[in-house]
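Next up, structure tokens for two forms of one chain, structure 1 and then structure 2.
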Structure 1
Amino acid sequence: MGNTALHRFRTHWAAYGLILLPLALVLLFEYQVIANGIVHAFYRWDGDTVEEFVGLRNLKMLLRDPEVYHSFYVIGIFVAANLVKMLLPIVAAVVLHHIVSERFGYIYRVLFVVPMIIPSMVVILVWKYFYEPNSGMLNEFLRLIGAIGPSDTIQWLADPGLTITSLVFYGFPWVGAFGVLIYLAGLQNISRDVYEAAEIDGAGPLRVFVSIEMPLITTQIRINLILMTISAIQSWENIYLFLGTGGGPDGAATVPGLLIFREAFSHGLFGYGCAIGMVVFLITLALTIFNNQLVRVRK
């Protein structure tokens, strides 16, 4: 067996080299960073010269920090909201899948992809103007229909009771091209024979969707669910651009990522930021495993 493996390596050494090079780069620039962050979670570290081992002190401080609990509560709201947001891309993909004309189907797919070209920074700035209390489109629309008075304003991003709701509504109608195209790819892999059998059995569109299409795109649903969960837990840049480092009024929309950024770069507590990051990593890993167990793929 050893000679066979050696012969295979000598024959395909170039292929092994092409595999080992990117693996080494991933280990250096990805896993080394993760390991370094976990190690520094047990240090009093300012990101530069101060580096003192403090054991579990950062973790104990984390457990006593109400801002940490609040940040995970906020992220729980965003994850739950994203579960609801997953439904519209599925519906949009099914509608696209059943468009009879190939030309119109192609046009619709292009229309879904075009928004991906727009930088996310621009999208956030447009939505920030949308929520602007004096001349923003949302308040202007509410004045137009008489829901609020001509001189009244609603502070969508400055009212603690509306901040999270406004951020959840951001991106409406939540039909992202990435999710739609993934579901559409899964739907297009369903054999035409399955649809013909359902038609012979007299199954209507709803029955076909529930009994055939949904079960057969479970793989795509699981992929999107995992990516959505990871993105929701780790995302903080949009909240930073909307509300700044404070996370809005009274820190209402502070999420773990924003808290890490604030503790590390505003307060110089890099070690404490690493400790919060380690907890975020462990929670994300646990939820990923749970999602894999929850959404079973039918063979």
Structure 2
Amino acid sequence: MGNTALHRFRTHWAAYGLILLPLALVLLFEYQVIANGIVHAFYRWDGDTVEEFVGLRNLKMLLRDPEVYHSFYVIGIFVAANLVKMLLPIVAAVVLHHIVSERFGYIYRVLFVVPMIIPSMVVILVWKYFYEPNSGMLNEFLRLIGAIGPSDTIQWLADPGLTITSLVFYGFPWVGAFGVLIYLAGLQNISRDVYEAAEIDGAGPLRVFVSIEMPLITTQIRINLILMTISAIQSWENIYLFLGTGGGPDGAATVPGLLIFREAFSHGLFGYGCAIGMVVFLITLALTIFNNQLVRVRK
């Protein structure tokens, strides 16, 4: 027995050795950073020499800052828009799934992946060209069909009334990323028998979609919904690429992430940036718990 215990002990040593490096890395580059962020949410901090405990001052400032409220309002619009944008990929997957020819089905699936392989930041830069007022594709097209005069320009990104719409619309038809393939994988789990039974019962395509297909991809839809919401709340890089640090006309499209970046790295308010970061964290946490509850109940 003693021999086994010794053996187990030696195995354990090796075992802990396996986790040592990942753990060290995560403790330093994640937990230390998180702790530092939480602590400095209560500090006046310029990231350098000024480092002074100010208690709840950042929090009070934050609650009185219209920019903060506005940034969460903007992110709310983007999340709501993303819900609508989820529709086309679902429809695309269902239609793709119903294409009889296997050869075309495969070709289409590959073609759907191709646009996704262009780095997303390049896609954004190309769309930035589309929106460019003077020689951008969109205005050129409107001039071509005579919708606007030859020397008219529409400021897609710089007009306060259009900025957010333009940011929502970019990436049309939003079928890139993993959406279509994930739904398709779910649909392909439905066996032929189910379809044959439905046909014998005289169910039409809409009935089949509502009663058979939708329930079977709800898991995928829910996963995508959760991932989409969480990543939408955190995203700000796309806005930065389109509009720079300022977030568009009068900061119209400033989202929380961009606000953190601006307060910290443009205004030197590192502590305030940390405090806004905490708010984003708490909202993400609440949503994650809510989402998990939702998934568990439905299962």
Partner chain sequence: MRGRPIRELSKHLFVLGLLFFAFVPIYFMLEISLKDNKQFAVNPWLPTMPFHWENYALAWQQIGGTIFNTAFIAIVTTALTLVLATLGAFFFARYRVPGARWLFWLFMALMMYPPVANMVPMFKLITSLGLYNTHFALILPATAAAQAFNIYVLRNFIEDIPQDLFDAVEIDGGGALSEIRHVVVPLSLPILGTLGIISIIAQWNNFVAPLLYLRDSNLQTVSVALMNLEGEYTRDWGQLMAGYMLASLPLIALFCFCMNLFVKGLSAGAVKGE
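Source: prediction; values computed, not measured. Superpose the two forms; the largest set of C-alphas matching within 1.5 Å is the rigid core. Sequence positions of structure 1, starting at 1, serve as the residue numbers.
Chemist: Choose the one of the two that is the form predicted alone.
Modeler: Number 1 is right.
Chemist: Between two rigid parts that rotate between structure 1 and structure 2, there's a hinge somewhere. Which of 255, 93, 217, 272 is there?
Modeler: This hinge corresponds to 255.
Chemist: What angle, to the whole degree, separates the smaller rigid part's two positions between structure 1 and structure 2 once the larger part is lined up on its C-alpha atoms?
Modeler: Interdomain rotation between structure 1 and structure 2, rounded to whole degrees: 9 degrees.
Chemist: Can you give me the Cα shift for residue 19 between structure 1 and structure 2? Core-superposed, in angstrom, one decimal please.
Modeler: Rounded to one decimal, the shift is 6.6 Å.
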